[in-house]
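Let's start with one chain on its own, the form predicted alone, as structure tokens.
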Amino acid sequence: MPKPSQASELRALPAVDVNSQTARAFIGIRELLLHGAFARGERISELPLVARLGMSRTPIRLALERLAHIGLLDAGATSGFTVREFALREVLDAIELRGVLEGTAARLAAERLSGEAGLDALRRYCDDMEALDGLTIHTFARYMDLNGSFHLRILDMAGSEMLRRALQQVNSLPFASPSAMVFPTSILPRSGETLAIALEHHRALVEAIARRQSTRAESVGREHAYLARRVLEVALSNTDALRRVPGGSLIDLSRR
């Protein structure tokens, strides 16, 4: 239940305003967490965030509750939140789980294929990604957008709201989303080779879905997600690369 002051504030604002401000607060605080603005285990207070983000206390509080729900914060027994830290095993498990879900999405997309529109979109994304001149400071943002759209299109073709919700939960964690390892890849050795494998996976996924090869689509979908695990394992020995992993500062490498 909201505190009295929060309840009166909620009554004073239209629901749409509360929702939009909460979304803005959620995105703002999440970005701060992923870019190391807070240390692992640090207590998060509402009032400093009110001043920092320039919004009222209620959406800040609601955003903190959402961040605790997805696992980026720990909620105290009575009140307050602290920044969560992740053991390396938890990070690898998150990527593993995404692989299972992405594979399931690809399988369902193949089984439920109902036309060429989705396939045409996937092929366009592949063409556009392959046309980029490798992963560089100038191209990685574009690649991330295309890559994210590619995976979302497969999820749309799967036609499962339950699967969508599960993937949204996993992808909301740092280091687990389809694009989390794109920038680290661009600065690691043999980045061209890693990118070539990712692009090959994309084409294989489209081919398997087009041919309704559901088992192969699921296998390739899982293998593609696990490429992020390989990138992370290499990044662990490269301080600069690990620093660029979203949420990398939240990983406690002493806890395996």
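Just so we're on the same page, rigid core means the largest C-alpha set that superposes within 1.5 Å between forms. A residue's number is simply how far along the shown sequence it sits, counting from 1. Source: prediction; values computed, not measured.
What follows is about the form predicted together with the DNA, which we do not show.
Using a 4.5 angstroms threshold between heavy atoms, E223 stays clear of the DNA in the model of the complex. Contact check for R211: no non-hydrogen atom falls within 4.5 Å of the DNA in the model of the complex. When the DNA is considered in the model of the complex, L47 lines it closely, a heavy atom lying within 4.5 Å. S114 falls outside the set of residues with a heavy atom inside 4.5 Å of the DNA in the model of the complex. Comment: the DNA is not present in this chain, but in the model of the complex one of R61, H201, R216, R229 has a heavy atom within 4.5 Å of it, namely R61. The chain is drawn here without the DNA; in the model of the complex, the stretch among 190-198, 203-211, 26-34, 39-47 whose residues come within 4.5 Å of it by any heavy atom is 39-47. Put the two forms on the same core and the Cα of A235 is off by less than 2 Å between this form and the one not shown. Once the rigid core is used as the reference frame, the Cα position of I44 differs between this form and the one not shown by 2 Å or more.
The rigid-core alignment places the CA of F81 2 Å or more apart between this form and the one not shown.
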